[in-house]
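The data below hold one chain only, encoded as structure tokens and taken in the form predicted on its own.
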């Protein structure tokens, strides 16, 4: 069963089509990376997937069930980090992870165990008792990742998870994503770090102007150049098509 399906997604803001018929899927055990320029629609798509943005048209299905009718148990199988990592500033690192795990259905003992495990795994021990408001940006990102992953979700939706991470943090994140996919979880990740997604993704989709405009093969050389080639080619084709329509109606 497909972990995630976004079909024909349309979202319009003030006459601008942030999503323009966008469709994509994520299979269990698959790491699907979406890449695009700022404003391409990546974050809007992720917000729509998790119910933070309503679609004007199209549908989201989680594990085969329409998102609008998803049961609490099905929603609990989702882990997400979009725009800002999860974390209540007045709570400690440990308490934040425990709370995130509890919100996703773990009992108190399992949540405490998960918190200890993720604090160690993401090397947050020196800050375990510190309030989240006192963390650096990079450690807030690590905390957010721990909160997302503590309940071992079956689908991870991660928007720019490498933001603010130093090289050590990027390696830790990579291990978390690869481990999740290895146990069968689907992963949808957006990133501007093309070299990094090329290392871990099974599939790379290029999003531009709110739609899918191409795909790239992971592990290829000159991925940035190939990405820009796809975007420029679509822009040129779109411009030529627009001119042809204008001439036809002249």
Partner chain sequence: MRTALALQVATFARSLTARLATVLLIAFPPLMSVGMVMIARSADAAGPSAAKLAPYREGTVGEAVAALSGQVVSVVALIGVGFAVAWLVGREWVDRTLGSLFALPVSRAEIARAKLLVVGAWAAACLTLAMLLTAAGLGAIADGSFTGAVVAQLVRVWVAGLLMAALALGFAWVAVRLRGYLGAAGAIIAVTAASQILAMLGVGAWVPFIAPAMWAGAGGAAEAATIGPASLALAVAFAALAAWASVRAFARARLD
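Residue numbers count along the first chain shown, from 1. Nothing here was measured: the structure is a model prediction, and the numbers come from that model.
The same protein has a further form, the form predicted together with the partner chain, not shown here; the description that follows concerns it.
Judged by heavy atoms within 4.5 Å of the partner chain in the predicted complex, the contact stretch among the candidates 22-30, 185-193, 214-222, 45-53 is 45-53. Judged against the partner chain in the predicted complex with a 4.5 angstroms heavy atom cut-off, the residues 11, 80 and 131 are in contact without exception. Checking 175, 125, 166, 90 against the partner chain in the predicted complex, a heavy atom within 4.5 Å turns up for just one residue: 90. Interface membership of residue 105, defined by any non-hydrogen atom within 4.5 Å of the partner chain in the predicted complex, is confirmed. Contact between residue 109 and the partner chain in the predicted complex is not found at the 4.5 Å heavy atom cutoff. A residue is said to contact a partner when one of its heavy atoms sits within 4.5 Å of a partner heavy atom; residue 113 fails this definition for the partner chain in the predicted complex, lying far away. Taking non-hydrogen atoms only, residue 136 never approaches the partner chain to within 4.5 angstroms in the predicted complex. Residues 52, 53, 54, 67, 72, 75, 76 are the members of 52-76 with a non-hydrogen atom no more than 4.5 angstroms from the partner chain in the predicted complex.
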